[in-house]
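Let's start with one chain on its own, the form predicted alone, as structure tokens.
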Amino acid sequence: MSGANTVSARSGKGFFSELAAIFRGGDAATRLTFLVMGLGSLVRRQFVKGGLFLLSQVLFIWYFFGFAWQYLSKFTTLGTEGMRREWSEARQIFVRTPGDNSMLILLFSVFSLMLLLGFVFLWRASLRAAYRAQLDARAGRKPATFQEDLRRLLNERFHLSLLSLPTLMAFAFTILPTIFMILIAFTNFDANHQPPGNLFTWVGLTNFTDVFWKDPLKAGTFGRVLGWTMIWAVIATFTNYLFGMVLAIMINQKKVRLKSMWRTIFVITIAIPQFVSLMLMSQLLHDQGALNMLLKQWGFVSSSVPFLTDATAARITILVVNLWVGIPYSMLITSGILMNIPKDLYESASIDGASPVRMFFSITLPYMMFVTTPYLITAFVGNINNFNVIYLLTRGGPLVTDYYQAGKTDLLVTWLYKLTVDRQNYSLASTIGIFVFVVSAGLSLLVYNMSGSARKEEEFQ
């Protein structure tokens, strides 16, 4: 019977089925552990383990009812009373009386709910420990001591010890902010609803409907910015990859001498911080910048070329400048791969009469695509979120009246930045951020799963 219960408790068939199995097979002390954490361990003289479980429960109850409940109770409304101005007879002035803070209500509610989820898993660990101690006592074995549990965490369960801190950090600095950002998209948190002076409330799917079809200005801006974002990402990724590969092939030719010197020259652009290069380019290409001054002085143009102020010219300019900062990365990656392509493949193709172009498309390119698909996906997603090149060159401009707080070269990420920093429209920015995440994650998974890197991982020779 005990062996069957042990299997049921540890089989991992389901959270509730495991709890039911523990309750059915547990004695009085184990069942009372459902209410008082650590009791089953304390009864069987596991004082340190049982005391830690009990202390965790006491601290959680103190936190939940002493602090968290004041925010969780207002989670559905995000507050009902804003800051008020009241006349003070004693001081003969108007004084501000603090009210609810929607930001803190949402933040601490999300944090408390995540803490509640963690406490549930700790509670289950307490039940498992109590049930395991019960089975050991029934079988005549001495329950594991606290020192033995520590040694187990440093040996066979060492992987759990190593992963515990990174997992906590991921929850604190990645998952919690992500959930908070997602929930902001379902509120009206903007410049007119700024806590603590004003409250913001839940508005459901209003922001999503406004962005996709309900608000013509926002929907039109979103569609055109999204279109340019995808065009930019495709062209920037393709050109950097293609030209970087061609440059690597040229340098890798047998007839080219001083290969290290040529690679070093092109890698210098990586050594210089990207924002420095982009800021210099922005000043150089300005309407009154050095390049326009030279062109007019030499008589090539009579008026300044609008490299950054005309919509079409600005888009072409940032694509060209992106080559300057992007090609060296592709060249370095493809250079290493080119050196590892088996030479006998080229020799066999040459004997069969294949031309260099034929060998490129039949040998080099398939091999490169197979190896670098993950890099291409990363580069594509990086270009969707390429804030530096766009913002430091054009700041998203030129601005137009038929866009909502955006310019002709704005990507979704730079538009999102403007909405938050310049306009404090956090709810709309959060909505756009969710869409950027869905597009980036969806395309990455789709392209990778369809590529040879995933489907033929062990087959490529």
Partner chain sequence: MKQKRALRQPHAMLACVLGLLAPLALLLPWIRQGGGSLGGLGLLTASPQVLALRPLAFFGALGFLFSLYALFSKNRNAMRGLAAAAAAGVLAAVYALLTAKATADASLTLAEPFFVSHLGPGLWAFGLLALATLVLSLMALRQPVAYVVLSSMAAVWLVPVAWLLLTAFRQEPGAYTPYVLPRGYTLMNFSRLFTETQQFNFPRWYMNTLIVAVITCLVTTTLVLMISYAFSRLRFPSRKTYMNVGLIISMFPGFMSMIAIYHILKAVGLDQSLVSLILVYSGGGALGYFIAKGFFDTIPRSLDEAATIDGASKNLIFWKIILPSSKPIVVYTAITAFIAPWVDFIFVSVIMKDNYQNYTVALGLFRMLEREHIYEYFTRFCAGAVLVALPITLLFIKIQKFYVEGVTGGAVKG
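Numbering follows the first chain given and starts at 1. Because the structure is a prediction, the values reported are computed rather than measured.
Heads up, the form predicted together with the partner chain isn't pictured, but that's what we're talking about next.
A.B. asks: If contact means a heavy atom within 4.5 Å, which one of 367-375, 213-221, 310-318, 350-358 is the stretch that engages the partner chain in the model of the complex?
C.D. replies: One stretch meets the cut-off, namely 367-375.
A.B. asks: Could you work out which of 266, 119, 75, 208 is the residue within 4.5 angstroms of the partner chain in the model of the complex, going by heavy atoms?
C.D. replies: By the 4.5 Å criterion, the partner-contacting residue is 266.
A.B. asks: Exactly one of 54, 434, 48, 29 has a non-hydrogen atom within 4.5 Å of the partner chain in the model of the complex; which residue is it?
C.D. replies: Among 54, 434, 48, 29, a heavy atom within 4.5 Å of the partner chain in the model of the complex occurs only for 434.
A.B. asks: Check, residue by residue, if 175, 273 and 440 all come within 4.5 Å of the partner chain in the model of the complex, counting heavy atoms only.
C.D. replies: Judged in the model of the complex, 175, 273 and 440 all sit within 4.5 Å of the partner chain.
A.B. asks: Give a yes or no for residue 417: in the model of the complex, does one of its heavy atoms lie within 4.5 Å of a heavy atom belonging to the partner chain?
C.D. replies: Residue 417: yes, in contact with the partner chain in the model of the complex.
A.B. asks: Residue-level question: is residue 394 within 4.5 Å of the partner chain in the model of the complex, judged on heavy atoms?
C.D. replies: Looking in the model of the complex, residue contacts with the partner chain do not include residue 394, since no heavy atom lies within 4.5 Å.
A.B. asks: Test of understanding: in the model of the complex, would residue 166 fall inside 4.5 Å of the partner chain by heavy atoms?
C.D. replies: Within the cut-off, so yes.
A.B. asks: Would residue 445 count as a contact of the partner chain in the model of the complex, using a 4.5 angstroms cut-off between non-hydrogen atoms?
C.D. replies: Contact with the partner chain, yes.
A.B. asks: Even though the chain is shown alone, can you say which residues of 233-262 have a heavy atom within 4.5 Å of the partner chain in the model of the complex?
C.D. replies: Contacting residues: 247, 250, 251, 253, 255, 256, 257, 262.
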